[in-house]
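Shown next as structure tokens: one chain only, the form predicted alone.
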Amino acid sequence: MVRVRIAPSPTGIPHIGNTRTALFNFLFAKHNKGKFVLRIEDTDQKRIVKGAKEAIVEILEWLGMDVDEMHIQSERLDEYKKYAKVLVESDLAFEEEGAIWMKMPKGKIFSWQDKIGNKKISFKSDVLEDFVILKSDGFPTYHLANVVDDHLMNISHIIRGDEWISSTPKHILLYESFGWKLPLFAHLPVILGPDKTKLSKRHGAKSVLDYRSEGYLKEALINFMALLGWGPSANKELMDISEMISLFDLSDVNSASPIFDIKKLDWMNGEYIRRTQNSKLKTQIWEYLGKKYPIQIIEKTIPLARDRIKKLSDYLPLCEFFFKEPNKYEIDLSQKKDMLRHVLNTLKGLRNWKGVVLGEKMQKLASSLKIRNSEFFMMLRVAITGKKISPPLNESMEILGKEKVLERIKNAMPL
């Protein structure tokens, strides 16, 4: 059976690149009807960051990447001590200065066929040194804990970042020293920023939780992360999680480093917003805004806003005037008192308060006042919304209602 694991260390909240690695493990496990294991590697006790473990779990849960098992390494110390002792007793390791060291043999070649790019990778043992496997505080190093746990948890494929390639010979040595079968290795290429350097905070190497707080949808984030290095043979770009699971194959993962492009994520998020049903998008925006705004008004405004926003966070700057009176105006209306008075008088007598009717009436008024439509409607838009850019004005006026529109025009008229 296929069994894969992700093994984050709670020394910080994982950024989007680490979560991409978790996603590839998840897709591979589900495609092969296998198991997806979470193992918290908390053996470096001094560097643990408070709340990091909880954030790791929250990221997976929010994205819908359900784990089949969860293990905590600090709860398994007896296992590592037991196996370290076996190596010492077999004269494959030695104790010095309170720590246990693994002996690196000479004249040996460590090699494996990596599943990414199907390439053979080899290291000569002569260029490698002895390494610590158990520290003086009784905690194992990454190398020992990693190998012992992967064996005992029956991990069949190790899918991880290619920064671990140089550690793989040490792991192979440990497997062979115990007489254990090697898992298959797949080392994912590092994600690069637009300037072709390693992805960092200035490029967007933030946590998925940060992206969530900025208004990105989980569906878009999953889709975007999946395409960071994976090109499905179906050559599709927009896919839901079930499609990704059905298509995912390690042979389709590119061995070249993918480029992180925030513009593509923005585009993709906008596409997902436009594909989301109004009823669902209404709830997503309402919850994103902390449930502070009337959900009924959000529902009415979604058809006007959805094509104009790329993130949930774009909604309020565009539509805040539906909930709050404008307290400033982006255009000086001091010379538009007469125009606004004519608008006010025309709208007062209007009984049919529908967007189409409002538009027709205002066009006729602009014509009779000999004001260009573009100028007339810009001034009216600013008087009602405070802004030069807003959702369609006629429909916005309909949603605001007659009483509120008249009140805002009055408030916008210079004294």
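Note that residue numbering begins at 1 and tracks the sequence as displayed. Since the model is a prediction, treat every value here as computed from it, not as a measurement.
Separately, the form predicted together with ligand GLU exists; it is not shown, and the next lines address it.
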In the predicted bound form, which of the listed residues (Phe178, Phe323, Phe110, Tyr142) lies with a heavy atom within 4.5 Å of ligand GLU? Tyr142
Picking from 96-104, 339-347, 156-164, 288-296, which part of the chain touches ligand GLU in the predicted bound form when contact means heavy atoms within 4.5 Å? 156-164
How about Asn146: is it within 4.5 Å of ligand GLU in the predicted bound form, going by heavy atoms? yes
At the 4.5 Å heavy atom threshold, is Ala7 in contact with ligand GLU in the predicted bound form? yes
Determine the residues of 36-63 with a heavy atom within 4.5 Å of ligand GLU in the predicted bound form and present them in sequence order; the list may be empty. Glu41
